[in-house]
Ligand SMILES: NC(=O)c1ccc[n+]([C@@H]2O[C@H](COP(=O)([O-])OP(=O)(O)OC[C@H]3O[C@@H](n4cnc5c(N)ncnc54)[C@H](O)[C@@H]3O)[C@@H](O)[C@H]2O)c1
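Just one chain is shown here, as C-alpha cells, and it is the form predicted on its own.
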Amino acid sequence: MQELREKTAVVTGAASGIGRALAERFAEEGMKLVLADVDRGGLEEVAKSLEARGTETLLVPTDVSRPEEVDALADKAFAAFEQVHVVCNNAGVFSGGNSWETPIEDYQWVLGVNTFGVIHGIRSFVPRLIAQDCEAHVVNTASMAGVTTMPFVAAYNMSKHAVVALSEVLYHELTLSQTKVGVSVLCPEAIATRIDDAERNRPDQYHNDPASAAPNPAKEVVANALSETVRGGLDPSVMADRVVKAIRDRRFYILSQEDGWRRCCNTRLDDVREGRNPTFAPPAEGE
C-alpha cells in the first residue's frame, strides 16, 4: 500500500510508547486515526495533540484482553470511517521473574494483552478487511523476544513467540487466499517506552495477592534491568518509521537492525538447526 493519505489506521496501545509514535507517524502521512488503549487519560492527551495538528481522530478506550471490547473497537472504527486500511495490534505489557515462581495472574495478564490482544484484533478486524476488498495491512507487535529466549521472562517470551507464529500463519492464510490484506510482525529491540511501568494499567482481575505469592527475587532484578534498558533504548519514532516502510514494501518481518540482537537470534536458530542445547547468548551491551 503506497498511498496512506486519507486512509484510516487503528492503533492499540496508542497512549504511549510505540503506539503513540505510530499514531504520530500515521498522522504525518495524512491518515485518519482510531486510537485505543486501556489508559483513557493518556489517550486523551495523544488525541488532543493530534487534533491540534488537524488529524481526524476517534478515541476508543479499550482493554484488548477482552474480545467484546475489541469487537466494539472495530464496530466504532468502521461506523466512523466506513473503511479501515491499517490495523496495528500493538498493546503490550511486561512481567518477569523465575518461571516457576511467577504467579498465574502474571501469566494471564501478559498473555491476555500481548497474545490474546492480537488474537482479538485479528478476529475482529481481518474478516472486515477482506470483505471491503481494498488494500489493507495488519501490523502485529511482537519483540525480538519473539525470536530469541532469555531467562526470567517466561510469560513475556511466550507471548511474543506466539505473536510471531500467529502472524506467520496469518500471512500464509491471506496469501494463499489471494486477499488484498498484507501482514507485518514488528520485533523491536530496546525502545524508550513505559513498558517497565506496565503495572500502572494492570486490570483488577489480573492482580495477584502479594501475601500469597511465592518470593521471587528474580522479578525485582529483571524489573530493574528492564528500567535501565528502556532508559537507554531507541526513540519509538524509529519503530514507527520502520512500520510505515514495511507497509509500503509489503514486508513481513520488521526486525532489529542491531548486530547484537541479530547474533542472538541467529545463535538460537543455529541451536535449533543443529539440535544442540540452548545457548545463553544475550545481545552485547550497547549493541
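Start at 1 and count along the sequence shown; that's the residue number. Predicted, not measured: the structure shown is a model, and the values here were computed from it.
Keep in mind that the form predicted together with the ligand is missing from the display, and what follows is about it.
Remark: all three candidate residues (18, 143 and 193) come within 4.5 Å of the ligand in the predicted complex, counting heavy atoms only. None of 203, 127, 151, 217 but one reaches within 4.5 angstroms of the ligand in the predicted complex through a heavy atom, and that residue is 203.
The contact with the ligand in the predicted complex, taken as any heavy atom within 4.5 Å, belongs to 230 out of 223, 59, 230, 238.
Proximity to the ligand in the predicted complex, taken as heavy atoms within 4.5 Å, picks out 91 to 99 from the listed stretches 78 to 86, 91 to 99, 173 to 181, 131 to 139. With a 4.5 Å cutoff on heavy atoms, residue 38 counts as touching the ligand in the predicted complex. The ligand in the predicted complex comes within 4.5 Å of no heavy atom belonging to residue 106. Residue 113 belongs to the set of residues with a heavy atom inside 4.5 Å of the ligand in the predicted complex. In the predicted complex, the ligand lies within 4.5 Å of some heavy atom of residue 160. Taking a 4.5 Å heavy atom cutoff to the ligand in the predicted complex, the contacting residues in 50 to 64 are 62, 63, 64.
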